[in-house]
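Next up: just one chain, as structure tokens, the form predicted on its own.
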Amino acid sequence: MAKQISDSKLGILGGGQLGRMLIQETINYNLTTLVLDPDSDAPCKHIANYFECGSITDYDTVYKFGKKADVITIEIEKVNIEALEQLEKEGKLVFPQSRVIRLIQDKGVQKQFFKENDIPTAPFQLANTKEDMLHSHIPFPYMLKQRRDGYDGKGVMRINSAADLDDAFESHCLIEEIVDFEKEIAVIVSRNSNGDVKTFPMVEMEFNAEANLVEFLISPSTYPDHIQERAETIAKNIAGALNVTGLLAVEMFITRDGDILVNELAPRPHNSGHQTIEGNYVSQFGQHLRSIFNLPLGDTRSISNAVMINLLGEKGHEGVATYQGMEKILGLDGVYVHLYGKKYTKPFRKMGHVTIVDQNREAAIEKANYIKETLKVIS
């Protein structure tokens, strides 16, 4: 018989804010949590049952850590895949599976997977040299993305002309046609080992152009039902084609012509699902646990309108973090603050998020704008 969730040891590779919020959910199930992270002051350090400071990309470190756990999961994709493959061979449960993480680690392989499985995505070309970038069949301007290790807006640049190639990445890259999009959206889909699948309602995202980070997220979307249903179907199709166990965040564009194109995937809880903690019957973190322990999936419906704001470190501030304006925003109804346990701030560092829930969508957006202007992370 499979081990009960409350008797299990869950190993988490990565000890950042996603791991922290996952642990907050595991406490409800009496789960024992083990965390590996290279930062000795990682956000998970003081709330995990066992914390180890070490590299999540080193084979031996990941392998030895994984041997201590019953189920292993990730909160970041940049992990040692070979160690996870060996642990799987020895009978350890790794979710998402190592083959899924390997595919998603490389944006070029990810895009080829979309093409092979008829998943709508922007035209692309792989580029290994500056020569490839100069003679691409995709005309200037285009987006250039590093195939590996890009995150939170890093590893992406716009190439307007051949002159920009002097500063282009010196690594294997992906060239992508620029999408004339109306809105960036996301759907989080969950799948357990039985093959049960559920999606969270589609959300709309607003970006901080300077940091290229999600600054503002609105749930649920007000797009017509047929567009939302199409986005959710695409997410389910991807989860099925990958045969993934766990959570999958599918980031997409709605073009001005009404098409939906997949941008990229994250095989874990994601920034576009933070509002589910207060805004939905089950949170993305609760759903991830249900998925990887092969439990019945929870009710993903929205309870209320929810707006989520990322708290980013202010420009010009680097040092011990202070949160200016906290008392003012806590005077508003339906406001939930989540700080990530990071002692030091720096420009655009993700320090926390705030979710605003309100039965009136416009009122939620109005409060969100006030909070954006009022709550500042400074040093």
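The first residue of the sequence shown is number 1, and the count goes up from there. Quick caveat, the model's predicted, so the values are computed rather than measured.
Just so you know, the form predicted in complex with another copy of the chain exists too; it's not on screen, but the next bit is about it.
Would you check whether another copy of the chain, in the predicted complex, lies within 4.5 angstroms of a non-hydrogen atom from each of Ser6, Ile47 and Glu327? All three within 4.5 Å in the predicted complex.
Taking heavy atoms only, is Ile27 within 4.5 angstroms of another copy of the chain in the predicted complex? Ile27: yes, in contact with another copy of the chain in the predicted complex.
Counting only non-hydrogen atoms and a 4.5 angstroms cut-off, does His288 reach another copy of the chain in the predicted complex? Contact check for His288: no, nothing within 4.5 Å of another copy of the chain in the predicted complex.
Residue-level question: is Leu34 within 4.5 Å of another copy of the chain in the predicted complex, judged on heavy atoms? Heavy-atom contact with another copy of the chain at 4.5 Å: absent for Leu34.
Hey, in the predicted complex, is Asn369 touching another copy of the chain, heavy atoms inside 4.5 Å? Contact with another copy of the chain, no.
Options 179-187, 134-142, 99-107, 292-300; stretch whose heavy atom lies within 4.5 Å of another copy of the chain in the predicted complex: So the stretch in question is 292-300.
Here the chain is shown alone; which of Tyr63, Phe348, Tyr336, Phe51 has a heavy atom within 4.5 Å of another copy of the chain in the predicted complex? By the 4.5 Å heavy-atom cutoff, the listed residue in contact is Tyr336.
Since the partner is left out here, which residues of 338-369 would have a heavy atom within 4.5 Å of another copy of the chain in the predicted complex? Stretch hits, in order: His338, Leu339, Tyr340, Gly341, Lys342, Val357, Gln359.
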